[in-house]
Each structure stands twice: as structure tokens, then as C-alpha cells.
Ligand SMILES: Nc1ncnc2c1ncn2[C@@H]1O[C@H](COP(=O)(O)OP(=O)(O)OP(=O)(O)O)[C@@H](O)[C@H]1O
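For reference, the chain that follows is the form predicted on its own, supplied as C-alpha cells.
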């Protein structure tokens, strides 16, 4: 089953004004349940608008948005339930922290769900563990934390609601390599432990190559391609034409293959290429 299905979606900003801009143009796309899908595209391609439709933060002008087969706008008064099914983490979510302690910030969402205190406490600790937040930090002020720690707290606040679908807009933007790895490892662990569907908006080809199963690419308010990451990255020249690129390691592996080494041309992570070279050299 598809976790999310959009059919013939259109959305225009500032319609009828001099600032009118078409953000989504008759978009139809499905996101499979239980996998990580990367959503990519140049700035202004429509990515952020698309994800705001998933839980009803925006309503399309035309078309339908379905979550696990249910049209979320069929009963507008019930739209709130989809905001618990689809957890949306905006870019730079740490700017939305406001409670006195880390624990209170993470528990804000579960409290709004009407859960009892024991369940809230369990979810807070579970989310903190997934996001690599030390239990000693739970009683600290979130404003005393580092940038990476704040980011993990904000993401934990969404994970604590245990959404069936987790959507993140540039979750590792601005972080150092270690911070990026901690964020993405936590996301991957959430997907595995909750059997969740994850959609990640990102500009980083390297991150998408490492963590995603499929990739959807947007261009000019439309879905340009949507396939496995291997199939998408093989269309490198097309990605370059729309302002994107494949990971640098892919060019390196192709050069090795061009030199006659028995190495695949389709490596998109450093780890996979290193393992292949290690096997090759040890065999000789």
C-alpha cells in the first residue's frame, strides 16, 4: 500500500496578484509505505509546498491527497487526525523550541494527543534515545544546548507523537559531518523500530545516496523523475541539466571503471566504493 498518494494536485501562491506563482502543476505521485524516500529539486521546484500538503497544512486548489487510502479533505473537520499520522519537521526546527526543559519540549506533542503521563514519559525517553539525546539533558533548558543538540530535541518532539509517516525538510542543514550522521542514524532507527514511512527533503546527494531507498525529483512544479536511487543517479546528465548532480564518488567510480578496473560504475556512497576496492585489492 502507498503511504501517501497525490493525484492531479495544483497549488498557486498569491493567485490574482502581481506575485502569483504556480508552485505545483498537476502533480501525481505516490510514496510507498515502510521505506525512506528522498525528495529533491532545486530551490523553488515545489518540494516544500508539496510536503505541506501531506498533513493538511495547505489545501490543494485541485486534486486529492490520500493517506493510506483516505482522502484527507473528504471530512475537513477531521483534518487534525492526519496531523498526528503525518509528523512534519520543518527546516531549522530548533527555532521552534520554547519550553523550560528539554523533556517538556519533547512531551508537548504527546500531551496534545491526550495521552496519560506514563505513556508521555515512555514516549519522551524513547524519542530521546532514538535522537541520541542523553537522559542527563532532559532536565536542562533547550536554550543551553548546542545547535546539533537543539535540532535533535526538535526532531524528538515529532518522533514522540509516533507518526506513521515522518516528513523532514532538510533535517541536517548546517550541521557538521558528525551532527549529520547522528540525525540521519536516528531517523533510520525510527523508521526501523516503528515500521514507519519516511520522506526526507534534501539538497545533499551524498545523504540521499546513503540513507534513501527511492528518490523523487521535482523540477518546475512537477515530478521530474521518481525511482530507486540507483536508477535516478544513473540519469546523471539529466540531473545536471536541472541544476542537480550525482554524488562525487559516482564520478570517481566511473573513472576507475574507465581505467579498466572491475569496479561498478554505480557506486553512490564512499563506503560501498571502499568495500569494493578492498575486496578487489585483497583478491589480488
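Positions refer to the first chain, counted from 1. Bear in mind that the values here come from a model prediction, so they are computed numbers and not experimental data.
One more form of this protein, predicted in complex with this ligand, exists but is not displayed; see below.
Quick one: which of 42-50, 228-236, 29-37, 64-72 gets within 4.5 Å of this ligand in the predicted bound form, going by heavy atoms?
The contacting stretch is 42-50.
Please check if residue 99 has a heavy atom lying within 4.5 Å of any heavy atom of this ligand in the predicted bound form.
It does not: once this ligand is placed as it appears in the predicted bound form, residue 99 has no heavy atom within 4.5 Å of it.
4.5 angstroms heavy atom contact with this ligand in the predicted bound form for residue 91:
Yes.
Residue 81, heavy atom within 4.5 angstroms of this ligand in the predicted bound form:
Although this ligand is absent here, residue 81 would stay clear of it in the predicted bound form, with no heavy atoms inside 4.5 Å.
Heavy atom of residue 164 within 4.5 Å of this ligand in the predicted bound form
So residue 164 does not count as contacting this ligand.
Answer option from 188, 122, 203, 111, heavy atom within 4.5 Å of this ligand in the predicted bound form
Looking at 188, 122, 203, 111 one by one, just 203 meets the 4.5 Å heavy-atom criterion.
Tell me, out of 170, 126, 149, 207, which residue has a non-hydrogen atom within 4.5 angstroms of this ligand in the predicted bound form.
Of the candidates 170, 126, 149, 207, 170 is the one lying within 4.5 Å of this ligand in the predicted bound form.
Who in 140-158 is close to this ligand in the predicted bound form, meaning a heavy atom within 4.5 Å?
Not one residue comes within 4.5 Å of the partner.
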